[in-house]
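Shown below, as structure tokens, is a lone chain in the form predicted alone; questions about how it binds or moves come after it.
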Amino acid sequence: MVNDYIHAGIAMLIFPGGLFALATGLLFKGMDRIAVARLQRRVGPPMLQPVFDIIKLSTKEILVPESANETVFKLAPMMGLMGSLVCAALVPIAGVWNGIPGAGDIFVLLYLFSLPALSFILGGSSSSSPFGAIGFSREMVIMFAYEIPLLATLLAVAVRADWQLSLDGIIAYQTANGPFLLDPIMIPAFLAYLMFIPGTMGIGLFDIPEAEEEVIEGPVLEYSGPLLALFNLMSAVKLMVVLNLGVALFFPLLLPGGIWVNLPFHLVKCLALMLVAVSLFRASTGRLRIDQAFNFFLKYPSSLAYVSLLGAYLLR
């Protein structure tokens, strides 16, 4: 029991959450910005630009609007970052990390996954800014929309894996029977997850809550200094969570050689997923209205996920 608590603490503070998730998240953010710049025929920033941004923001003053709820305003980014770090510790990495014992249930992860979005909602609502109010209301609508296909995708994967509700069990099933990415029944669920990623990250078509041209960054408009840095760190860790989860759900392939081979292999798979679902999507799409985004998630990703769920149930 004591060892389990020690392992959980290490996972949340150092690896695969904590420092590791922060470092890889910022690095992947930098690679995403370079990839988007290349796709748009620009030079782009250096790979470590997200790190430089965090350092610069950390040296600035924290400004709190006079009419804001100061307590909620300051706690919101901390809650979002902590939620992302806990999620990063829960997601197993095939051949490297099996997840926190007894805590890697997909429904636990689903609940915790809403914390970053809730932190945007709390931060925007507490800032007293009209742009923040518009931004957090949009965040609420789009969160409800993308959680429907996410839940259906998780259920489809669980049913296909012989009703496994733990991510470690789902990975073990695929290790024995082959990755779901090559399973025709699960391909619609994989496509639904690809559509979920830009929705939860708020990019491309779904850059709606923070639309610069409309609501001037929305929920984070009034944030500055270290508090804004926390939101940036939260976004970086959240990126790694959705990538790690996608790999765990659909292609947790293993190579002989242990952790020193499988960890770099896992990061390569995450990079490939990011280039397709984040960088290419962000570089090639505009932005939808909030009603269009809501209808999009109800029609397409949800339908695809339900197709896989029905197929997995009939073939159980």
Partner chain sequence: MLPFLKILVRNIIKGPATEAFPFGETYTPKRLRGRAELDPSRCLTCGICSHVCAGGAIAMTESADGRGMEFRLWHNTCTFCGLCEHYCPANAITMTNDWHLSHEQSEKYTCCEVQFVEYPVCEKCGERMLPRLHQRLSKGLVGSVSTAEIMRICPDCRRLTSAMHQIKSKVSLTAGRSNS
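No experiment lies behind these values; they were computed from the predicted model shown. Numbering follows the first chain given and starts at 1.
Keep in mind that the form predicted together with its partner chain is missing from the display, and what follows is about it.
- Note on the partner interface in the predicted bound form: the residue among 275, 261, 253, 283 having a heavy atom within 4.5 angstroms of its partner chain is 283.
- At the 4.5 Å threshold, heavy atoms of residue 43 reach its partner chain in the predicted bound form.
- Though the partner is left out of this view, residue 39 does reach within 4.5 Å of its partner chain in the predicted bound form, counting heavy atoms only.
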